[in-house]
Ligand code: URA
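The chain below stands alone and is given in structure tokens; this is the form predicted alone.
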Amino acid sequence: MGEISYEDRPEDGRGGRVVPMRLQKFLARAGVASRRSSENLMTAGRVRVNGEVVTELGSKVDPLVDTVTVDGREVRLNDAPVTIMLNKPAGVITTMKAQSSKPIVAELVPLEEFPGLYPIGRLDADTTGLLLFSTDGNLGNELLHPSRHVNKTYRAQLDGPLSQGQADALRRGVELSDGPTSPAEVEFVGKSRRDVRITIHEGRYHQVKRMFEAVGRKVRKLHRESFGPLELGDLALGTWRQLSQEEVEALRQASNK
């Protein structure tokens, strides 16, 4: 194929033309993964250009000439990013890399179809519920940035009844080893004061568990019911579904409040 002039190249949807670019940038623009995760895919030998494995991070591709595949699946610039929701079971670790014989979330999501999927945040191994994955690294950054204040709601079963004073302390914010928390929304579920729904918008390590410990209670079970505007609904434990474009847009709006 002869050289394609700049004027003859199609627009890239961002006000420019499709031109040769670094491979990791191409993968990120195609929605395979964030640029850093795309580099990891390359160094792992999972990316081929015209049938040849490419691990050199400075390599360039021409989207109009070269054929790029990840794990055998062709990638094109017009491929839209994919975001999915998983109802994570207990005992599954939030990681994409195998750790001894323990089950991991990578085994529950469609990596063969969407190899760039990566979890947006994490849930503890014993925590169940809503966990988002996306091939759009920018979306993940938007949702997890501390300044975005995206709500996350959990249902917690405690080792004993939560007093009104303890609930009010959580509503004001409590002091943790890494600083004070923002005020949480707390409500009792049913008649039992051991069953509590709590909403936070931060994402610190073991945050919900540490917040309850700070007021004298331990969490026996923890389940994330919602992330921003999204709820699990009737999604079965251990299964996933792809988000609609409207749902992804709702997530973006929630992160821009």
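Residue numbers here begin at 1 and follow the sequence given. As the structure is a computational prediction, the values presented were derived from the model and not from experiment.
Keep in mind that the form predicted in complex with uracil (URA) is not shown, yet the notes after this line are about it.
Novice: Can you confirm whether Arg36, Ser38 and Asp136, the three residues that make up this candidate site, all sit within 4.5 Å of uracil (URA) in the predicted complex, judged by heavy atoms?
Specialist: Looking in the predicted complex, the three residues Arg36, Ser38 and Asp136 all stay beyond 4.5 Å of uracil (URA) (heavy atoms).
Novice: So in the predicted complex, does Phe114 come within 4.5 Å of uracil (URA), heavy atom to heavy atom?
Specialist: It does not: once uracil (URA) is placed as it appears in the predicted complex, Phe114 has no heavy atom within 4.5 Å of it.
Novice: May I ask you to check whether Thr199 falls inside a 4.5 Å heavy atom distance of uracil (URA) in the predicted complex?
Specialist: Close contact is absent here: in the predicted complex, Thr199 is far from uracil (URA), nothing within 4.5 Å, heavy atoms only.
Novice: Just checking whether His206 would be counted as a contact of uracil (URA) in the predicted complex - the rule being heavy atoms within 4.5 angstroms.
Specialist: Output for His206 is yes: heavy atoms within 4.5 Å of uracil (URA).
Novice: Although the partner isn't part of this model, could you tell me whether Leu222 comes within 4.5 Å of uracil (URA) in the predicted complex, counting any heavy atom of the residue?
Specialist: Leu222 belongs to the contact set for uracil (URA).
Novice: Since exactly one of Leu86, Ala156, Leu123, Leu170 fits, which has a heavy atom within 4.5 Å of uracil (URA) in the predicted complex?
Specialist: Flagged contact: Leu123.
Novice: Go through 45-53, 208-216, 25-33, 58-66 and give me the stretch that gets within 4.5 Å of uracil (URA) in the predicted complex, heavy atoms only.
Specialist: Correct option: 208-216.
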